[in-house]
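The chain below stands alone and is given as structure tokens, in the form predicted on its own.
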């Protein structure tokens, strides 16, 4: 999932100051799952914004808090927000950066404000209460060859052909030896699956053209003329 983290409240207060009306929009996708951007969080942020105005003795703006199924879906966002957007000066999005940009596109010219910082693609370990980065969306997945562990993301140096000389007792030198060496994890994972033959495979330097920005997949180019 996409891991997001709420911005400091003082930043949100600064971005929303002087507004007379504000629509807070949560997202029932990734942000809701990690309890940063769902309907409950939208309602809490609404209360905090109202309290901030009252404490300062300022006029409280008209604020409405809702949540939609997915902010990153253009049709879902347009259907849910277009009937409301003209009633508010700005929209405060609790989605990821993709959600913010999607809403910005479908709700022109309404001002769109991000309430969260988008961190990475990762896993939620509910037992430890931790979010771990696992994928860099590099465009060329080699997880079959590496035992389901991504060396591009989980190796601090993104090495493709085994560990460097900096690992010690299975720990990476980067970060003070707190993180596991990705290639030790890969070796053990392949060993458990009786596929150590994949460990010795040579991998050429990564073609970073595959992860050039911006990327698109599928669909048709609307600007391209279709020949009859």
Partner chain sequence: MKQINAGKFVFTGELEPVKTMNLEEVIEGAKILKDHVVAINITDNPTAFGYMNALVPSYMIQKEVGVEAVYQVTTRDRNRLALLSDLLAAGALGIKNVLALTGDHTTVGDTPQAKPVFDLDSATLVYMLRKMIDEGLDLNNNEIKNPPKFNIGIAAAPNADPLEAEILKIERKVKLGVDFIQTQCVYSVEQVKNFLEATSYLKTPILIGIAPFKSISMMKWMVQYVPGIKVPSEIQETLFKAKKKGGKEAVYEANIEIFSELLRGIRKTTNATGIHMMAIGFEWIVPKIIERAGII
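Residue numbers count along the first chain shown, from 1. Not measured: the values here are computed from a predicted model.
Same protein, other form: the form predicted in complex with its partner chain, not shown, and the subject of what follows.
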In the model of the complex, the one of 48, 184, 33, 66 near its partner chain [non-hydrogen atom within 4.5 angstroms]: 184
Which pick from 173, 28, 52, 180 sits with a heavy atom within 4.5 Å of its partner chain in the model of the complex? 173
Report whether the minimum heavy atom distance between residue 157 and its partner chain in the model of the complex is within 4.5 Å. yes
Taking heavy atoms only, is residue 203 within 4.5 angstroms of its partner chain in the model of the complex? yes
Can you tell me if residue 196 lies within 4.5 angstroms of its partner chain in the model of the complex, counting non-hydrogen atoms only? yes
At the 4.5 Å heavy atom threshold, is residue 57 in contact with its partner chain in the model of the complex? no
Would you say all of 130, 147 and 153 touch its partner chain in the model of the complex, counting a heavy atom within 4.5 Å as a touch? no
Can you tell me which residues in 149-170 come within 4.5 angstroms of its partner chain in the model of the complex, by heavy atoms? 156, 157, 159, 160, 161, 162, 163, 164, 165, 166, 167, 168, 169, 170
